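Next up: just one chain, as structure tokens, the form predicted on its own.
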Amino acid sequence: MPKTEFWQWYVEESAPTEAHHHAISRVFFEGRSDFQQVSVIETPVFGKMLILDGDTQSSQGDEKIYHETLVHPAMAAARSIEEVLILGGGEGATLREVLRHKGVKRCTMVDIDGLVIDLSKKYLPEWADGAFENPRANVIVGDALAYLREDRGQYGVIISDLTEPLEDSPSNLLFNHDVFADIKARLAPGGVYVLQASTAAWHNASLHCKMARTLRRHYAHVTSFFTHVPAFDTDWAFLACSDEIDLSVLARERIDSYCSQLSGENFFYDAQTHARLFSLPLYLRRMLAAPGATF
């Protein structure tokens, strides 16, 4: 195969000595919002990509792996999904997946960065697939922390699709005990709080374990699950939190019934995939069980 020449590369560093190189075939946008550096590019392998502060958020090629994993296990498990709250999720893909279920009456999405939402509407319309215009969507451009403090609603599912709580991230302030208490106060009985929770490979799972240890102080069940996301070039982890439901033992029949009520076809998630998501390797189980740092 002849070598293709590219003038630019997007290099995502996962450590000072590790990086994933993506050849850039097109740059749609590169600039800074009031909160973070934002890039929208196109690559030969993964298609269009959204990048925030140098980190891949999602790619056209495999965003459904991430978004179906984030949304559907929690939605399948919750007692009620009539009212759903999304924290973050500027691309609109998390909103899209929630609204695929006919049982959802309203989904409120709160994202602080209006530029990301506007760029996603302009350059990444496939992500939302019309979700922003859905009459059941209540999209708020604003501070999720302020919303949690002021809101008095009750939600069957709360989904955190925020960036990782790194020191230089606008999401950093949303990972502490006071905020987790605010989130739990908004969760209806039988509800599930689910969040993207950093990386889960053997060499980079420390932040995920820190998040899990912190949330165990708030919920009876804090369950890790993960999958490989090729565009991220690593295993990506999630946490499902509930006082009543352990998602790792969700019945196959319940998942099948839930999936049968979704509009369109799933790309990644079903009952068999659910079992795989919650089958953690020994190294990760040991890391999660060990004492360590919390927020």
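Sequential numbering from 1, following the sequence displayed. This one's a predicted model, so the numbers in the text were calculated from it and none came from an experiment.
Omitted here: the form predicted together with S-adenosylmethionine. The next part is about that form.
Fill in: Selected contact from 128, 110, 76, 195, since only one has a non-hydrogen atom within 4.5 angstroms of S-adenosylmethionine in the predicted complex
None of the other options qualify; the answer is 110.
**OP:** Heavy atom within 4.5 Å of S-adenosylmethionine in the predicted complex: which of 151, 182, 143, 82 fits that? Just give me the one.
**Re:** Answer to the contact question: 143.
Taking heavy atoms only, is residue 66 within 4.5 angstroms of S-adenosylmethionine in the predicted complex?
-> Residue-level check for residue 66: yes, a contact with S-adenosylmethionine.
| query | Hey, in the predicted complex, does residue 209 get a heavy atom within 4.5 angstroms of S-adenosylmethionine? | reply | It does not: once S-adenosylmethionine is placed as it appears in the predicted complex, residue 209 has no heavy atom within 4.5 Å of it.
- Query: Can any non-hydrogen atom of residue 232 be found within 4.5 angstroms of S-adenosylmethionine in the predicted complex?
  - Reply: Judged by the heavy-atom cut-off of 4.5 Å, residue 232 is in contact with S-adenosylmethionine in the predicted complex.
- Task: Using the partner position in the predicted complex, report whether residue 156 sits within 4.5 Å of S-adenosylmethionine, counting heavy atoms only.
- Result: Because no heavy atom of residue 156 falls inside 4.5 Å of S-adenosylmethionine in the predicted complex, the answer is no.
| task | Specify the contacting stretch among 41-49, 244-252, 259-267, 55-63, defined as having any heavy atom within 4.5 Å of S-adenosylmethionine in the predicted complex. | result | Of the stretches listed, the one contacting the partner is 55-63.
(message) With S-adenosylmethionine taken in the predicted complex, which residues across 146-161 come within 4.5 angstroms through any non-hydrogen atom?
(response) Only 161 sits within 4.5 Å of the partner.
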